[in-house]
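Given as structure tokens, the chain that follows is alone and in the form predicted alone.
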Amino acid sequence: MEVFEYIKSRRKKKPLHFTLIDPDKQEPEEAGETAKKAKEYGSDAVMVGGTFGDAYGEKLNRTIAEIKKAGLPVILFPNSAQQLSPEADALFFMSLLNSRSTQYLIDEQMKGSLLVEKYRLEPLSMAYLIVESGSPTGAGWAGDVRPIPREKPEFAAGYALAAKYFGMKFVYLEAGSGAEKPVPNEMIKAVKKVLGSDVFLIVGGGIRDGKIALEKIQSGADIIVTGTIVESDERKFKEIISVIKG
């Protein structure tokens, strides 16, 4: 089954949880163990990517190979065309819509598209939006971003609706790894209202416990992504997935 069809079929039953693994932060074998725990706890897929993308080529390939042993779909979440691998099942082919740099709007996508074709990766078109989180984050700094103000949900809704009109299948509201504050509930509600059921809404960053995860699901998130909590608190990681799955 294609990854997009897999996501659609599973979303009909419950909201989804994706585990984000940064290949820069551990050895391939450790990443594989994390993926096994994610599968055991009920996560639906593993995203692989990091802010700096130092892990590429052979290390990235080995990391994905170890993660795939867990039996979950592996979706690349690349920061550049360099961070692509034929070992993955799919990738989020994304544009950072509130970046001030064409590098993250279209340049890396232009370079990476030929590798996506060569590697026969399934592209999952996505609008990536970074939201103000109370403190600077690596994704915002590296992506040369104007973060969406927390008190301006209509800005996020406008970007999301533009993404829908462009034909994108996913919108990702990102507070950033280790964010001080998660994406506001009112912003999630506003975005989901314009997206309807046609586009999947992903929310990540600053989701540290089950209570916060439940708020985001009740506000309209289809998919919750957690990354930092995987590394820092396994109990909370398990709790978040359990709450999402009801």
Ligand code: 1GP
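Numbers for residues come from their place in the sequence shown, where the first is 1. Everything numeric here is computed off the predicted structure, so don't read it as measured data.
From this point on, the text means the form predicted together with this ligand, which you will not see here.
- Contact with this ligand in the predicted complex, judged as any non-hydrogen atom within 4.5 angstroms, is confined among 60-68, 32-40, 185-193, 200-208 to 200-208.
- Of the candidates A179, A221, A45, A213, A179 is the one whose heavy atoms come within 4.5 Å of this ligand in the predicted complex; the others do not.
- This ligand in the predicted complex comes within 4.5 Å of no heavy atom belonging to E132.
- In the predicted complex, L20 approaches this ligand with a heavy atom inside 4.5 Å.
- Within 4.5 Å of any heavy atom of this ligand in the predicted complex lies no heavy atom of P15.
- Although the partner is absent here, Y104 sits far enough away that none of its heavy atoms falls within 4.5 Å of this ligand in the predicted complex.
- Contacts between stretch 144-172 and this ligand, counted in the predicted complex as any heavy atom lying within 4.5 Å, involve Y172 alone.
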